[in-house]
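Only one chain is shown below, in structure tokens, and it's the form predicted on its own.
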């Protein structure tokens, strides 16, 4: 085991879920036909002036609040000067001195241990154009130029690749549930830069930055690969240089891109064409009011309703199902979640529909869950009427009637079936009385088979236990 300790910090660029760009009215949809969503402002024509997208500021504020940041109520934009083909103005409009949020944190859990990862700051900026390299030529797509971003910079609080991946998973979950961003790393709307240093003592080593890693699992791999590279350099008598690198996933190694720029190289100065922004208390409170129920709160609700941890995570990963479940509070959520994660999701996957595109109204679903919970209908009946529930506007009662479904709840009729089953399975009765509870499930199955699944399960169970006790 290595004597070196890792110190890790992460910078995340996350595109905001707006209709238009940060400083122009061009559509925020850079994945459309190249160079279609552009205007004179995006291309930095002389004499054009930026206009701040208010909704982008609201989304950035929402993110800062959710990351437990202190809010800069008075802030301004700055020019970050560097010359590169994908930067039409020759500078990027960003927030260097007055980020919208500072000194926040995200709580993670790794191997049962909770830890707060500090957020140094979160600031608003515009994205660059996209460079496409093909053969011996390079192309530029300016659809992405000016797309609103937030950059979230952590403190160097992580010490392992596992913590880094847990942080990114939690951050992605928060931003996605809050509708701040779609967080699609595979499409570039969430991009990660990782700073790694190693040391044998509490002094920080020289850090390197690995840029634009394409997935959370790749972040974990890149951290370990870069830490190993640094260790090999130090053990061979070399020194670590502050530099920018990229991660080659196929070769599983980091590759030098350039010597790291310092802050002075960017020659930051205030953006003269945008006045100071003042976030009023009313604006902040109105933004807080738009924050939905977040995943950790939902997890607490689900646990209190006896949903298994495995199913809880399945629900959280499917936001549409999780949102749908929020409509209910006085029903058996365990039964509801089982239906949604089972037959209903199978139907949705098969048809390509969302739950909102079905006819499963809140009232109809509530009725079904309550009927199953009370034992008035068996699960087989639910399976038989599933398509009608999801594709017709009929009420539950109308569906039951139209399908000629009758649930046997007559005690005398069920007693006769139960007696017959017990007479034919006397050995199982003895086994049950000797403590083998699983036999009860077998006997229930035999009764349901005799009644073709139409018996009231709760009533059958009651009669069955009573009759076994008599023998």
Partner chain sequence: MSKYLDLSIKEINNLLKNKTIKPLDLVEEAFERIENNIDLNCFITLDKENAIRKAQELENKKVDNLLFGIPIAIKDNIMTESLRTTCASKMLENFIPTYDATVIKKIKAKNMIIIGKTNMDEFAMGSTSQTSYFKSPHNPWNRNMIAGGSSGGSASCVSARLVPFALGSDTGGSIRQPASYCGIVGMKPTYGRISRYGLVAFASSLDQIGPMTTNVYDNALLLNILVGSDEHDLTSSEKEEEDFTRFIGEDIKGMKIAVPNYFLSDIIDKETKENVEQTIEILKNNGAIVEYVDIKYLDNAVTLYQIIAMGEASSNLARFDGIRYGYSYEKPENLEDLYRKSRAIGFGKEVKRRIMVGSYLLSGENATVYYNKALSIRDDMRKSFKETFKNYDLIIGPTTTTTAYKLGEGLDDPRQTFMDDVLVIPVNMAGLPGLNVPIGFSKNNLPIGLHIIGNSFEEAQIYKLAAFIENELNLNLNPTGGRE
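Residue numbers count along the first chain shown, from 1. As the structure is a prediction and not an experimental result, all values here were calculated from the model.
What comes next is about the form predicted in complex with the partner chain, which does not appear here.
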Per contact check vs the partner chain in the model of the complex (non-hydrogen atom within 4.5 angstroms), the hit among 88-96, 311-319, 329-337, 282-290 is 88-96
Select from the listed residues 273, 235, 109, 169 the one whose heavy atoms reach within 4.5 Å of the partner chain in the model of the complex.
-> 273
Exactly one of 267, 241, 383, 200 has a non-hydrogen atom within 4.5 Å of the partner chain in the model of the complex; which residue is it?
-> 267
Is residue 52 one of the residues lying within 4.5 Å of the partner chain in the model of the complex, judged by heavy atom distances?
-> yes
Wondering, does residue 142 line up within 4.5 Å of the partner chain in the model of the complex on heavy atoms?
-> yes
Residue 81: heavy atom within 4.5 Å of the partner chain in the model of the complex?
-> yes
Within a 4.5 Å heavy atom cut-off, is residue 442 in contact with the partner chain in the model of the complex?
-> no
Can you tell me which bits of 42-62 touch the partner chain in the model of the complex, meaning any heavy atom within 4.5 Å?
-> 43, 44, 45, 46, 47, 48, 49, 50, 51, 52
